[in-house]
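Encoded as structure tokens, the following chain is the form predicted alone, with no partner shown.
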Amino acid sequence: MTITLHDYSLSGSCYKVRLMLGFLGLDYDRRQVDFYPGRQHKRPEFLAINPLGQLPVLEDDGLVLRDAQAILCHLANRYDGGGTWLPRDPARFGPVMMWLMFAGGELMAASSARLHDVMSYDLDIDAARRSARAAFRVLDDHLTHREIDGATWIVGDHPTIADLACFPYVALSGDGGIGHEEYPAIRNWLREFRKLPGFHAMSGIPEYV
């Protein structure tokens, strides 16, 4: 088994894949890509691997996958025999996938705000922050209802790839000028996620939430 991750240390999307590989106890080769300022992900040699010019990319025994959410699904499907991270029962599979799409969709507004503030991307920062806060409100409301029901995680009674996919850009949102003061349920969830065995932080994630 040979797993290679094309990675950028400051990418929240790459971070979620590194977390998954760690939680599953998988060894892998890590190939750093100079996303900023080098823009190596737009060079011909990288575009030959991923024509979209995006990170992360995972190679697994000849299979090449782009998109962090797709990679999380692949890793859970192939290496988590107990189905803990990607439950197969109908009551949980659909909701997990729904929140996975949320992580790769609405929550990416927080990533846009961070790209603006940290890497000087030219974009409408007010719109990005407004969209991110709207997404945070949806997540916080959901987690509040989960707390009322005595639950901790987004779906089910243990963490899934839904939590893993949503965590990075919520935890990194301070880099984009978006705090967590208005989202108490999110703060509780972030705190619980950080307690998971094998968790490791990355630059930009505060020690205490």
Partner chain sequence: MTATTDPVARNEWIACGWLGQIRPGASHDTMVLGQPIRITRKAGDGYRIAEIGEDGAEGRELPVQTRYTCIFTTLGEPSRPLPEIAEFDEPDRIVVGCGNVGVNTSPYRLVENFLDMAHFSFIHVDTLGATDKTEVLAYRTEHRKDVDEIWAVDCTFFQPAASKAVKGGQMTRYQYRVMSPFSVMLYKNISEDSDRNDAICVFIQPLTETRCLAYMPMAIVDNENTAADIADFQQSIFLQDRVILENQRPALLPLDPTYELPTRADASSIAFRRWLKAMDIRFGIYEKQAA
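Positions refer to the first chain, counted from 1. Being a predicted model, the structure only gives us computed values, none of them experimental.
Separately, the form predicted in complex with its partner chain exists; it is not shown, and the next lines address it.
Heavy atom to heavy atom, is residue 66 within 4.5 Å of its partner chain in the predicted bound form?
Outside the cut-off, so no.
When the contact criterion is heavy atoms within 4.5 Å, does residue 34 count as touching its partner chain in the predicted bound form?
It does: once its partner chain is placed as it appears in the predicted bound form, residue 34 has a heavy atom within 4.5 Å of it.
Counting only non-hydrogen atoms and a 4.5 angstroms cut-off, does residue 30 reach its partner chain in the predicted bound form?
Output for residue 30 is yes: heavy atoms within 4.5 Å of its partner chain.
Taking its partner chain as it sits in the predicted bound form, is residue 106 near enough to touch it, meaning that at least one heavy atom pair lies within 4.5 angstroms?
Outside the cut-off, so no.
Name the stretch, out of 93-101, 131-139, 80-88, 116-124, where some heavy atom lies within 4.5 Å of its partner chain in the predicted bound form.
Careful reading of the contacts points to 116-124.
Only counting heavy atoms and a 4.5 Å limit, does any residue of 163-187 reach its partner chain in the predicted bound form, and if so which ones?
Stretch hits, in order: 174, 175.
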